[in-house]
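First, one chain by itself: the form predicted on its own, in structure tokens.
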Amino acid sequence: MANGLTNILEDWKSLEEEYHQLQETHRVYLQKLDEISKLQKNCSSSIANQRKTLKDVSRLVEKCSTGPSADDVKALEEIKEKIKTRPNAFAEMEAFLPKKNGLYLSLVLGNVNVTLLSKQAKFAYKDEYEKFKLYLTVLLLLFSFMCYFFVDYRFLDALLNFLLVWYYCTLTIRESILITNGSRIKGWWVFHHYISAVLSGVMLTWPDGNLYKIFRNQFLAYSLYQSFVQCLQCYYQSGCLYRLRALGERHNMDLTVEGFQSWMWKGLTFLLPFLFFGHFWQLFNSLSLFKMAQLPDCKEWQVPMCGLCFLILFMGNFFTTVAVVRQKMKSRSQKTKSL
């Protein structure tokens, strides 16, 4: 037998053995997947039953009148404390179980399961989200700088606004996936991106005319400032979150946001003047647009619509930031009194 054919037969024999081993490994893999699916359904069902029973027990505890025994009082208090901790424990469990998508994700992605089933995968997706925000913010900063100082073409303005629409729409999808996987970003800072996407879309459709040219530099200067502040926030909030996670004071899936939250208080209060200045700039943009909408030659619907979006952004950002600052100052004063 030729030497070359012998080598081929030996290689093929080795390849066949590896292939049979691969088939067995894949069979075990599919079996484990089926087992995991059954375990997921059992866990989800058990959590639902636990929640239902916990509500019934909570009602009984509230109605229960303890006797004179100190042991009865102590036992009841222990049950109450454990009842308070159960919802958080259920939420931690559900973070690693498949769940039904919310309305927004269902409209965008359908019924695709977006739950990441390991801590490593969750952290990797969260870190990629933070990098995406930082890289796009730097890109928007440079793009706004170029359009404001060097280039005055409507086509490039449209590209900037299209990039803003894509950026905010992508953020809303990524944040929805992160919330599904246990991230605790909520409230106004989620809705903020929906309004920003609408605003950028309206700016994209605004036809090139006299009123657009009047507002163009004001909008570009605002975009430049916002991108600069967001870069500052990404840098300092990331450092703050890293320290708090290391100390065990923050959840590992918490994110940086375009605003001010209570955990940012230490070392990040210097951001407050920048944030408030940006909020009032949004109010200034809104008032300028509403004033332009009253001009006789104003025919574009984009003018009052952009004014309304800027007004909503100002009100949401300003009152949310003030509420967080008041809450933090109140909690600090209470701690001082207790000491």
Partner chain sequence: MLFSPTGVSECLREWEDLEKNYQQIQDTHRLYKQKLEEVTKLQDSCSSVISRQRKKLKELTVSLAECKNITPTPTLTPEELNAIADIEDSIKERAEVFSEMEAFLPKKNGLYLSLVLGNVNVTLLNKQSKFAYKDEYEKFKLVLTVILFVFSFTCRFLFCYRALDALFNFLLVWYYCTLTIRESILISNGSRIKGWWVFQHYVSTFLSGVMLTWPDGALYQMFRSQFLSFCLYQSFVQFLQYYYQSGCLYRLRSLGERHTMDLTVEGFQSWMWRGLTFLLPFLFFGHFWQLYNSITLFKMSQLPECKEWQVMMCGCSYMVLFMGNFLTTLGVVYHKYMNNQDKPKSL
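Residue numbers count along the first chain shown, from 1. Predicted model only: the values in this text are computed from it and were never measured.
A second form of this protein, the form predicted together with its partner chain, is not displayed here; the remarks below concern that form.
Peer 1: For the chain shown here without its partner, which stretch in 37-45, 286-294, 309-317, 270-278 has non-hydrogen atoms within 4.5 angstroms of its partner chain in the predicted complex?
Peer 2: Result for this chain: 37-45.
Peer 1: According to a 4.5 angstroms non-hydrogen atom cut-off, is Q23 in contact with its partner chain in the predicted complex?
Peer 2: Q23: contacts its partner chain in the predicted complex.
Peer 1: In the predicted complex, is there a heavy atom of its partner chain that lies within 4.5 Å of any heavy atom of R174, even though the partner is absent here?
Peer 2: Yes, R174 sits close enough to its partner chain in the predicted complex that at least one of its heavy atoms falls within 4.5 Å.
Peer 1: In the predicted complex, does S227 come within 4.5 Å of its partner chain, counting heavy atoms only?
Peer 2: Because no heavy atom of S227 falls inside 4.5 Å of its partner chain in the predicted complex, the answer is no.
Peer 1: Even though the partner isn't displayed, in the predicted complex is K82 close enough to its partner chain, meaning a heavy atom within 4.5 Å?
Peer 2: The answer is yes: K82 has a heavy atom within 4.5 Å of its partner chain.
Peer 1: To verify the annotation, which of these, F123, F149, F155, Y235, has a non-hydrogen atom within 4.5 Å of its partner chain in the predicted complex?
Peer 2: Comparing distances to its partner chain in the predicted complex, the residue within 4.5 Å is F155.
Peer 1: If you apply a 4.5 angstroms heavy atom cut-off, which residues in 123-145 are near its partner chain in the predicted complex?
Peer 2: The stretch touches the partner through Y125, E128, F132.
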